[in-house]
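Okay, so here's just one chain, in structure tokens, the form predicted on its own.
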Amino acid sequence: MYQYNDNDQILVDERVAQFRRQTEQFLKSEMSEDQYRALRLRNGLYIQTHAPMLRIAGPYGLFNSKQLRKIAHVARTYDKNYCHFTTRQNIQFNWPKLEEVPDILAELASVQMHAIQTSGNCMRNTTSDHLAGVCIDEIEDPRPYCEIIRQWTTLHPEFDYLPRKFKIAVSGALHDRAATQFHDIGLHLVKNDAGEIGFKVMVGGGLGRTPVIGQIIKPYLEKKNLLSYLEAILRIYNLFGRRDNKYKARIKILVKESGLEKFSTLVEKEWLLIRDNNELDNERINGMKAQFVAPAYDTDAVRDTSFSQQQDENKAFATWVKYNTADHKISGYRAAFLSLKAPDSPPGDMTDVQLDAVADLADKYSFGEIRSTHRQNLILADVKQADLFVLWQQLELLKLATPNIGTVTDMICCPGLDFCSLANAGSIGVAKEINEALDDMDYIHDIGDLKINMSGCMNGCAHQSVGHIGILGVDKKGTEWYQLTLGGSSENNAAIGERLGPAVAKDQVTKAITTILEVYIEHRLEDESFLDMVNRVGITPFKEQVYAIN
């Protein structure tokens, strides 16, 4: 993974010192709340329901074991012994003391971490495929380009105050695992007819209260033009994006209202002015690729025979392998998912004890590297199949081995009303109730690939619009209600879920979900997934059954 050079370290150290001075001024009442607000947001600090919330950047979801131990230390020393992994592959602390935040940032800077641009109207953390570099369907590893974009976006003076937040995702595989079609800019590494690799560029995607699927603005962009083309898009957005209405300020609204053709014409015109002066040369690309060289894989790993034997002898282990591991491009290795969706734990949360232990496991079994996914789980990406049995046993002890990746209980869930000041309804408690109702793993596995996404408000941090089943918490005269949608997807077959009908009361959500699952089981064809069945029959059978009981 990328290692900071001296300039990187100086930048984050100076930023910590600057924010320490600003916070001291605010605490001494030498700065107003309004003045401080803009400064704290630039350092990932929100004011939430109970306490400040600090969001730490996880560049394209990549961490090393030293960084994970530091996160554990921060959770233990400055918070309530846990942290929360988000859908942007970031980490959040919900209980830091304002006066201690500069100390936390100093601790994080010591391991090459920061909170810069994790909030505010700026370019946010670039996200990517959690299986980048190891998956078998990859055209090219996207991480070097993610890092080039990260460096370009960090403290970019021209785009420090955009109309609204701006998000970029990059994928290098055939299967989109990074929800790229729902980003302000989505980038896919693709091959052209000559076999050369470049980027397909999509623009104007987004979630929130107006979910929009991104449109292709450039079917093929040469790598050398990556930064200049991104800059041209940002310039047009910065110039014409609405600043008078925050609900219409995202680039998706600008693209939708102006039309892709007109927007594209403006971008092309701008690009012609700048592209020759901002080329990404091969030396820069190859230099960055050198930061992501493959680890020293054991060439004898493929000779192992114990893996198959252990699966034959232990059904629980075989089930975990089936659901919580993925194919690896190197024979004899697999990527292992660590489920942060144990039935009795808030989705995405992790304790300091678990963080420390996973850091040790990463050192022992996966070259010291840990990744976070946009579905709020972790991955050890390079595990020898001969080590998986022991790893599984240790993850079981840590309650990180629930075999539910990609299933109905692998639920994306925001903190909701429990923590977030923007939320209209609770989400963690509803998730727990659904989990308690779905306590039979055989039933969960029989349902198969089914993704539930639940948000406590319209902002869509938990991607509810693109869940196979989406649950959106809404407020009705002080009472929590939940809007259900079916048929959404953030993968290759991108789709926005269709509203099932009127919102249901909080105490009816779990019954509605179990009814939806029963309808699916009743109507599905052999081996038909939930999403395929919804696309085949529509939502009417679900609607009739859910509202028959409400």
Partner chain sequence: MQLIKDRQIIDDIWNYVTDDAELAAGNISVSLARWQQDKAKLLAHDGNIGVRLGPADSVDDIAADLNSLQLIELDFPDFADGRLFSHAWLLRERYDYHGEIRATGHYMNDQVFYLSRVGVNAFSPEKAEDLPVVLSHLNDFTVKYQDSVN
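Numbering follows the first chain given and starts at 1. Worth saying up front: this structure is predicted, and the values here are computed from it rather than measured.
This protein has a second form, the form predicted together with its partner chain, left out of what is shown; the following refers to that one.
Residue-level contacts in the predicted complex: of A495, L39, A51, V519, one residue has a heavy atom within 4.5 Å of its partner chain, and it is L39.
Shown without its partner, this chain lists K248, H156, K399, K200 as candidates; in the predicted complex, only H156 has a non-hydrogen atom within 4.5 angstroms of its partner chain. Contact annotation: its partner chain lies within 4.5 Å of heavy atoms from the stretch 236-244 in the predicted complex, the single such stretch among 213-221, 300-308, 236-244, 374-382.
Taking the partner from elsewhere, no residue among M1, A316 and E369 has a non-hydrogen atom within 4.5 angstroms of its partner chain in the predicted complex.
Though the partner is left out of this view, K256 does not reach within 4.5 Å of its partner chain in the predicted complex, counting heavy atoms only. Using a 4.5 angstroms threshold between heavy atoms, Y443 stays clear of its partner chain in the predicted complex.
Contact check for D360: no non-hydrogen atom falls within 4.5 Å of its partner chain in the predicted complex. Within 4.5 Å of some heavy atom of its partner chain in the predicted complex lies at least one heavy atom of R15. Contacts of stretch 268-286 with its partner chain in the predicted complex, defined by any heavy atom lying within 4.5 Å, are made by E270, L273, I274, N278, listed in sequence order.
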